[in-house]
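Let's start with one chain on its own, the form predicted alone, as structure tokens.
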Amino acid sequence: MILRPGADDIRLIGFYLGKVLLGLGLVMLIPAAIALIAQEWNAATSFVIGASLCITVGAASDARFHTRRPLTWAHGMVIVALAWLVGAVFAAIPMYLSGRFTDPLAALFEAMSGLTTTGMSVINDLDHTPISEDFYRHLLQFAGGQGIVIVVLSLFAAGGARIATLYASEARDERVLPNFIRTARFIFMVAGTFLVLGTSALFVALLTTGFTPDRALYHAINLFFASFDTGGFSVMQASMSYYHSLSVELIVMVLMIAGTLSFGLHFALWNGDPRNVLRHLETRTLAVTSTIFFAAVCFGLLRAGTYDSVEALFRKGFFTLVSAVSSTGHQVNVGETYLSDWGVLAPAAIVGAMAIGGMASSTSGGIKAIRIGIAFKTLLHDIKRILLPESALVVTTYHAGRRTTLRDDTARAATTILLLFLVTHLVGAMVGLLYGEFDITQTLFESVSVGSNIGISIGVVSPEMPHGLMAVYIAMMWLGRLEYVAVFALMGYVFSLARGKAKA
């Protein structure tokens, strides 16, 4: 019998959601200040209204539902699932008030895309978006890339046991330090270090291309947020093609690769332990799969006659592959090019790379390399069991921070999430086909990109896209970012509220 959550459970969930909204309100005050300095009065008003609503509702929830009750696993899952959904709704308020979106659903799509670091955009007239509004879009990627619940609770210094539950609920699998508060702050330290180094390098590179200092700084900061947090939002409609700079592309690739590394591997590098990085199952999985995909991309592009020089294959093919693997979504091509000029094999390789994505416990999305590696190890394990005598004891191990024995529950969990991602991609593709505006190549490419929080578009996502498809894509971004478990826990909680037996 499923027990219906009681008043204390609702109070606990409301209390932590209030903290999230308070943090989101503080985030909105940053672009509000920029809008006032830049004299963008309409944008300033939108941000003040959005921040006021977040802070008011958050403060009321904090006061009304204040509790010291410890979190359970179920509480953490429900809080995280609701935080990403409610957070996106409130984050969409200043976007809708800006007048750059056709309706509230489009603004919600943009907010969810930013927080989940997907990078798909339905904004109108991006090239003439006010500075503060564009910065806000990129700032959402930073909050989402680090994990909005982790960001907020770290700022408010929540107890270690509480943040531990929420850390795992946000699809974080690694604890790089014994204390979860210290782990979260280490994540910020890594991000801050890359912010200084990456922004500085981009600033210099942009200056050499002819940018004025103020424009170079503005683009450098936004490029960092979009690249390291694997979000992929663009300052200009042309995305990376706007810069026409090999040095900018190289720096962005380094940032994308840094963003796709798990924070556990960042910790190993930080402490001078590169062997741990090279031995890690995810590192080896990505190295093998990326090599195979890049070979397929090159062969496909050469066969189609799209590019025939090493520079073009590197700047177009390899950059796009890194963008796909890291789940960033930066584009150096017009979306329709993948359909019209790239042939069949190269786009298929990019779809495969997008489906896998980057590493667990990083800012990247997708199925994750750890699950692909475990699935392959499981296949080898089962083959050994078939070939060896029945009396033989078959033990399979892999390195993931330490030597780990492959267990049935680990293999089952990895396979389950892998299948859920594949089913979601197929459902998204089929929904796109129902509208009769796109073919299966377009809808499958876009569905994988959205569901894996990648952001590379073949042209399906646009301000004019059907509302039903837009709503499905919003749900797919939410599911993909939380990797299903937290969302299923929320669904179970709602079911138990409606049908379960009340607690005594």
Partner chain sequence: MRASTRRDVPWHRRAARGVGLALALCLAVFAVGAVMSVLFVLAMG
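All values reported here derive from a predicted model rather than from experimental measurement. Numbering follows the first chain given and starts at 1.
What follows is about the form predicted together with the partner chain, which we do not show.
In terms of contact with the partner chain in the model of the complex, the residue from Tyr338, Phe267, Phe90, Tyr96 that brings a heavy atom within 4.5 Å is Phe267. Taking Asp308, Asp125, Asp103, Asp408 one by one, only a single residue has any non-hydrogen atom within 4.5 Å of the partner chain in the model of the complex, and it is Asp308. Residue heavy atoms within 4.5 Å of the partner chain in the model of the complex occur in exactly one stretch of 252 to 260, 419 to 427, 210 to 218, 392 to 400, and that stretch is 252 to 260. Here the marked residues Thr193, Pro274 and Thr291 all reach the partner chain in the model of the complex, each with a heavy atom within 4.5 angstroms. Taking non-hydrogen atoms only, Leu313 approaches the partner chain to within 4.5 angstroms in the model of the complex.
Taking the partner from elsewhere, Leu197 is found to have a heavy atom lying within 4.5 Å of the partner chain in the model of the complex.
Of the heavy atoms in Ile383, none are within 4.5 Å of the partner chain in the model of the complex.
Mapping the unseen interface onto this chain, Leu139 falls outside it, with no heavy atom inside 4.5 Å of the partner chain in the model of the complex. Annotation for 288 to 307: interface residues with the partner chain in the model of the complex are Thr291, Phe294, Ala295, Cys298, Phe299, Leu302, Arg303 [heavy atom within 4.5 Å].
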